[in-house]
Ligand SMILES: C[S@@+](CC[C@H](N)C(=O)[O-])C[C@H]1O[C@@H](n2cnc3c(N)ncnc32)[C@H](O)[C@@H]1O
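Here we start with a single chain on its own, the form predicted on its own, put down as structure tokens.
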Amino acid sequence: MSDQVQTHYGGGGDLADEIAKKLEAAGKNLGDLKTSDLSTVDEFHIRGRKATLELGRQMNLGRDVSVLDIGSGLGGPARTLAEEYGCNVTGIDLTQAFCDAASQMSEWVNLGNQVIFQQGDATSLPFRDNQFDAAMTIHVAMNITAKDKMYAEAKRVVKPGGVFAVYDVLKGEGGDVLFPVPWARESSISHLEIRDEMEALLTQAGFEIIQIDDSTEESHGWFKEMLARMSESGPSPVTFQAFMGDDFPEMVRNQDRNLSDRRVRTVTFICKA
């Protein structure tokens, strides 16, 4: 299963080099980049950078706080939180190509000393007990069947009293998901839970859920705006299509339908370890 997930996200070639070429073609200077310049490609989740900043506020982050980003992708959320709050973020991702690109992109925005990335499995984290002040996972568990192990590992590595934030796509009440979508081209690597199941999984892992936010309506609006932009002027020159491939526009259209029909929902859980 992990091989299928890595294949889905792996893209082709050197991702950082491909992104660099697209940035330069869009008129960006690699020697003078900000994290916001990368947000159209590295905040690979619904509602993008805005959602990351919301999560940071809910986690009460601050300078020198240690944060683990489980399923860190290209490192956008890690860099955003490091820049905004002064925290130190460790990212772990199943896909080595993402880790390599995330490290390179962090150097571009002078955050290489605050964020680090390594390849690893969310269900078997290579960290010691009580290592982090906080942890988060953004749009990751949809590809993981053993969510109980994932959340148990998060509980193990977060200090008692620390915060664990989960922002994910859940199964809605509107019927089966339409594929392809950004996390899966077909159903075999898509493993969505309903909200009640998520609450049970987090509680059974030992977390106290202190806040739940359903952002489905706003997420639907975000996709509608993306579709309108794509219809008017085509995809952004620097976007997720750089690593997702030519079927990315179809993924966007399907997600618009999935959210509109409530086949999926976007929900945030803020938990205390």
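Residue numbers here begin at 1 and follow the sequence given. Model, not experiment: these values are computed from the prediction.
Not pictured, yet referred to below: the form predicted together with the named molecule.
Might H220 be said to contact the named molecule in the model of the complex, defining contact as any heavy atom within 4.5 Å?
No - in the model of the complex, heavy atoms of H220 and the named molecule never come within 4.5 Å of each other.
How about G172: is it within 4.5 Å of the named molecule in the model of the complex, going by heavy atoms?
No.
Distance check, I144 to the named molecule in the model of the complex, heavy atom within 4.5 Å:
I144: contacts the named molecule in the model of the complex.
P180: touches the named molecule in the model of the complex, heavy atom cutoff 4.5 angstroms
P180: no contact with the named molecule in the model of the complex.
The named molecule isn't shown here, but in the model of the complex, which of 194 to 202, 156 to 164, 106 to 114, 120 to 128 has heavy atoms within 4.5 Å of it?
Careful reading of the contacts points to 120 to 128.
What residues in 216 to 233 sit within 4.5 Å of the named molecule in the model of the complex, counting heavy atoms only?
The stretch does not touch the partner at all.
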